[in-house]
Every structure is written in C-alpha cells, then in structure tokens.
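The chain that follows stands alone, in the form predicted alone, written as structure tokens.
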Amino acid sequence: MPTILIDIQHEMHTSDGKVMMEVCAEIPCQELLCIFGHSGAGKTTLLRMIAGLTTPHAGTIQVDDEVWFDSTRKINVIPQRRNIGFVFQDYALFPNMSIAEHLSYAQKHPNKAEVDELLCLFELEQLSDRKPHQLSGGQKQRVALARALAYKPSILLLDEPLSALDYEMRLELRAEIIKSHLHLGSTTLMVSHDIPEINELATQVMVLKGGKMVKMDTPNEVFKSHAHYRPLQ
C-alpha cells in the first residue's frame, strides 16, 4: 500500500477572493486521514488534485516511487492511470444500472464471486437488481462505497460521503467506512467537518486553514490542543 508525498501550490478562487493553497505532507500507507477545515479551505480541491481531476499550479504528488504530478518535469498522470477510488458527495451513480451492474462495471477484471462478496459485505444482496432511484440515501451510500472497493484502489478518496444523510444514518454508515478501509487495506483520505465523526474514524487529521496545512496529527492531539474547534457548518 502506498505512501503519498504531497508538495503543491495552487491558486484557488473562493468567496473571499484568491487564496494560495500550499500543502506539504507525507501520508503513510494504510492511514485513514481526515481532512478538516472551514468551507473554502481547500479540502475537496486537495482530493481532486490527488485524483488528477484538478491540476495544481506547481509542485509534486508522488505515490511510493511513482510520480503522479511534477510541474517542473511536465508529468501529469491521467486519472484513469491513478489507482484511486473516489466517492463523491452525490454518489455519482448511473441511473440505468442495477447495484450489481455498478460493481461489475467498476472491476478491472470481471469476477462475479467478488461482486457477490461485496454485496454481502454491505448487506446489499437483496437489492442487487434495483436501480438507484429505488434506493434510500443510505443504500446509495453503500453502493458508492462498494463500487469504489470493486475497483480495488490503493487509495480511497471520500469527499464528505455522509454529509447528505440524517444523523442516525451517519452514525450507522461510519461503520461502513471503517469496514471499507479495513477490507481494502488501503490508504484512505476523507473530507469531513464533523469532529465526532473524525474522532471515531481517523487515525490522522490534516487541518487546512485558508489553503494552508496548519497541523497534521492524531485526532486526540489535534482537538485537545484546539479547544475552540467545533463541528463546522
């Protein structure tokens, strides 16, 4: 599993005007890192740059010995060649595909036994023939996580995956995120502004403020020394 090295600079356009994003970090393999900060801090932008969906203005992104981005050397590996799974806030499910078809479509090599295993893991066996419009928000979230795992990524990126759900469903699906992380044995990066959620899920927290990384440590250390932190809206 990969260690991620990030050293990037990127000009963001926010509601407060232009902000220069600067992040320099080493994320060890198999961490479940939560990225925390106010709106406009650059949380989603950082995920998108790792995924190759947004190009940094300068710097490098390296995963183990493989350079994914280097502005000086003009290297920018396309998203399809970066071994990542990305779960968006809106789940991005295909309306005409069943649950089982979503998982099969995501696989690099067709394997029905592995699809069945994921359906079982996320308690979706009885719903495998249903389309997204026939699912609840929590069920759609399970499908999105299962689909990301079906790709067998070395890095799993979660962009506030529980933000659209009610409180009880958020509590229930925290366990699904831990299950996904452990099942895959991946390095997982998750954007969240919910401190209880971060305390339960994260092994490390990266705090972004105005585009700058101001701290990276365990949840206990980050929030113990910053008593003014509250769940962000």
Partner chain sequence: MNQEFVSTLLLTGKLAGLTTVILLLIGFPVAYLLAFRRFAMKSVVEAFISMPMVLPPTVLGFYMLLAYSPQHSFGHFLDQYLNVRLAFSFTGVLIASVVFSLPFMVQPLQTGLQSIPRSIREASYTLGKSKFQTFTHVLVPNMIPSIVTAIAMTFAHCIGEFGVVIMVGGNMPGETRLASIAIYDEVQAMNYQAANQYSLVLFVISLVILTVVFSLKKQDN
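Keep in mind the model is a prediction, meaning the values are calculated, not measured. Positions refer to the first chain, counted from 1.
What comes next is about the form predicted in complex with its partner chain, which is not displayed.
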Just to confirm, with a 4.5 Å cut-off on non-hydrogen atoms, which of Ile75, Leu121, Leu127, Ala106 contacts its partner chain in the predicted bound form? Ala106
Contact of Gln80 with its partner chain in the predicted bound form (heavy atom, 4.5 Å): yes
Answer with yes or no whether Met97 is in contact with its partner chain in the predicted bound form, where contact means some heavy atom within 4.5 Å. yes
For Arg170, is any heavy atom within 4.5 Å of its partner chain in the predicted bound form, or not? no
Contact between Ile84 and its partner chain in the predicted bound form at 4.5 Å, heavy atoms? yes
Within 4.5 Å of its partner chain in the predicted bound form - does that hold for a heavy atom of every one of Ala25, Lys215 and Phe223? no
Quick one: find which of 111 to 119, 98 to 106, 67 to 75, 134 to 142 has residues within 4.5 Å of its partner chain in the predicted bound form by heavy atom distance. 98 to 106
What residues, if any, in 127 to 148 have a non-hydrogen atom within 4.5 angstroms of its partner chain in the predicted bound form? Arg147
